[in-house]
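First, one chain by itself: the form predicted alone, in structure tokens.
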């Protein structure tokens, strides 16, 4: 059933004028739509026609809408049926500066990307000097503190896959007393019969998502459908604390939950002496339900990994790029000893990881593939970073994010039987519905009323907007969300 959109809630209940909204440094996108405009049911008839054509060749069942790529602008997705949709999902956290940012388009039209538009190279064989300029320029500028080495790939799963391979290489070299593989090791590897390496393990957390390639999938613990029927490594998992919010009300129970998680991780290390190559953790669990832990928890994990000689991997595929209010979410932890490896993708447009010098393999071709990323996407990222710096978009994410989380907290207070556990860092935010059925009903209402949203875990509603998301967009989205709360209360 199509729901005729109406927009009350915080947008009209608590905001008397635009001047009441928080001020941010980010400028408005010229020409961006002023508001949602719903003309047809969503998905509309043109989308369903395309789905039928598309589905005859490729799986199209997960498609929300088909997007008019040229007409979409800023925070508004325009679909092929002409609906103007406020996007708080951002293609699962992949859109850093909104749709069709004029400066990014100007860079394209001005020839800035001409060097990488004519062919796609094997970057490990014959890169161009422009690639080197970006790697040593913008990519070095955004590098996490203490991690001078960069490996580029195409996707987040590849980033994780190669990060754990780097950890295995380091552990094997240490076990051999600093030497490389022997002839016997090389021969054993070709028979898939390596007595030492086959015993190596990586610790991950319950509820985690690290990708869908087989190594990364062995670390993923969010949904069974991701894993069922695929062979997996017998690697250990420990509970993630999943702090409850508001933090002040749950401080004691949160501390106890974090202590139990740390005890479980310590027990795994002790049960597998010198066989744990790495422990991998998301700063905020995304697919697992937007689960948070304290900065103290992550600092303790880092110390534990160091004490046991394991690489500490911060998987920032979803949290990198500024939406949490720092470019890298782990920056907020206040670590004296940085992570050994930090993975990235999504808002950074390509995949890869930064690492310490000792995690960079001594031999060439150990961490390698044909493309080693995508020069066009890296060229776009260089422009994106420039725009983010100029327009102070990380500061914008902090200010807008505070307003977003406060607004979610207000909704949860007004509709305690519908929403709870509002939380977030920057605009990387979420709130829980009372149960999975309510989550589904709210998401359906948002979609039909012109808000592109998404769920995480079994009950959460997640926000993953672009870094150009402003308080006025928050007010509009919260208004639609309040309409949904009224309908399901």
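Small disclaimer: the values here were computed from a predicted structure and weren't measured. Residue numbers count along the first chain shown, from 1.
Omitted from view is the form predicted together with another copy of the chain, to which the following refers.
*Asks:* Considering 251, 264, 214, 304, which brings a non-hydrogen atom within 4.5 Å of another copy of the chain in the predicted complex?
*Replies:* If I apply the 4.5 Å criterion carefully, the residue I get is 214.
*Asks:* Could you tell me which one of 99, 240, 328, 312 places a heavy atom within 4.5 Å of another copy of the chain in the predicted complex?
*Replies:* Comparing distances to another copy of the chain in the predicted complex, the residue within 4.5 Å is 99.
*Asks:* Give a yes or no on whether each residue among 131, 136 and 148 has a heavy atom within 4.5 Å of another copy of the chain in the predicted complex.
*Replies:* Yes.
*Asks:* Would residue 218 count as a contact of another copy of the chain in the predicted complex, using a 4.5 angstroms cut-off between non-hydrogen atoms?
*Replies:* Contact with another copy of the chain, yes.
*Asks:* May I ask you to check whether residue 452 falls inside a 4.5 Å heavy atom distance of another copy of the chain in the predicted complex?
*Replies:* Yes, contact at 4.5 Å.
*Asks:* Would residue 157 show up as a contact with another copy of the chain in the predicted complex if we use heavy atoms at 4.5 Å?
*Replies:* Because a heavy atom of residue 157 falls inside 4.5 Å of another copy of the chain in the predicted complex, the answer is yes.
*Asks:* Can you check whether residue 59 is within 4.5 Å of another copy of the chain in the predicted complex, heavy atom basis?
*Replies:* Because a heavy atom of residue 59 falls inside 4.5 Å of another copy of the chain in the predicted complex, the answer is yes.
*Asks:* Thinking of another copy of the chain in the predicted complex, which stretch from 320-328, 374-382, 388-396, 411-419 has heavy atoms inside 4.5 Å of it?
*Replies:* Contact-bearing stretch, as computed: 374-382.
*Asks:* Taking heavy atoms and a 4.5 Å limit, what residues of 42-72 are near another copy of the chain in the predicted complex?
*Replies:* The stretch touches the partner through 50, 53, 54, 55, 56, 57, 58, 59, 61, 62, 63, 64, 65, 66, 67, 69, 70.
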